[in-house]
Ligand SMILES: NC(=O)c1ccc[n+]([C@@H]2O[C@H](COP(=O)([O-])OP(=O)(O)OC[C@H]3O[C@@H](n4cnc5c(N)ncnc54)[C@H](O)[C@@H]3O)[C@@H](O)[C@H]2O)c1
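Quick heads-up: it's one chain on its own, the form predicted alone, in structure tokens.
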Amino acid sequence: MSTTTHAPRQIDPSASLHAESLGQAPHYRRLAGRRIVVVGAGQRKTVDPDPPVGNGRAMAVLFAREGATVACIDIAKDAADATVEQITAEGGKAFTETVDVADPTAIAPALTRCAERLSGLDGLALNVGISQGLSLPKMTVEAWDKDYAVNVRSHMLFAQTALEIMSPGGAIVLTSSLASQRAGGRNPAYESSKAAQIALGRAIARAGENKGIRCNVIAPGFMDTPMGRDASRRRADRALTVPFGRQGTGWEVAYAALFLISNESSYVNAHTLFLDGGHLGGIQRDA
């Protein structure tokens, strides 16, 4: 499957593209009764007339399909509302909370409000992230600090509050990136902040151990999401050698998060899952 066209995808086992990859699989109530907050549950606006699902929206929708009540946090109320509308249209339970995670004073109150509306908290998925797209020679202090404020500091503050109010046995999932391992994007603030998320995930896992609260990290590779398409418009050759001849989907990230936030992964902790089709391990198509 081409990485440069955006025709509707169909199930294609030869491309490792299955019903789960497309958000079309049956649901099994794997999160029945769970109370989960998804940060970054909205979706950025894009020029695509029929945009693919983003990681955060896919997580929120899938968690609700699997029986969780979901608090959808985003900076853009309309984007979070759209996610909630999709969930409720499918018979799920969700509500919107708006917060700018770059404001350090807003995070603890927002998460506390969500936990109160949920009547508890036992899952937190952190998917928010930004990139200024500046190379090292062009980097500014302001751009560097903005990326770190959103990509790292906000995650620390969310986790800090979550560890106080989350029920024992809960789970936290962070979304990093394959960029944490490579300098190919010439994007040092994004790459280094995503690497910092991996170290932060281990620290959260260590801090949560006495309450049985786990923390794991997903590091997606090249993804066909609104953010991924924006990156592809800047660099048309960015994903020419991806495994299976295609980029990943937001649903595939969501299914990884579903496993890590569910009790099925009860002894998986402080782990980073590279969701990249094996790209980091050297699996690739000839360009």
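One-based numbering along the sequence shown. Keep in mind that this is a model prediction, so the values were computed, not measured.
As for the form predicted together with this ligand, it is not shown, yet the points below apply to it.
Contact annotation: Ala199 falls outside 4.5 Å of this ligand in the model of the complex, judged by heavy atom distances. By the criterion of a heavy atom within 4.5 Å, Gly245 is excluded from the residues contacting this ligand in the model of the complex. Interface residue remark: Cys114 is not counted as part of the site for this ligand in the model of the complex, having no heavy atom within 4.5 Å. Interface residue remark: Asn127 is counted as part of the site for this ligand in the model of the complex, having a heavy atom within 4.5 Å. Partner contact region in the model of the complex: 43 to 51, out of 23 to 31, 257 to 265, 43 to 51, 63 to 71, criterion any non-hydrogen atom within 4.5 Å of this ligand.
Scanning Ala79, Ala205, Leu163, Ala195 against this ligand in the model of the complex with a 4.5 Å heavy atom cut-off leaves one residue, Ala79. For the residues Ala108, Ala102, Ala183, Met139, the 4.5 Å heavy atom test against this ligand in the model of the complex is passed only by Ala102.
Contact annotation for 162 to 177: residues with any non-hydrogen atom within 4.5 angstroms of this ligand in the model of the complex are Thr175, Ser176, Ser177, listed in sequence order.
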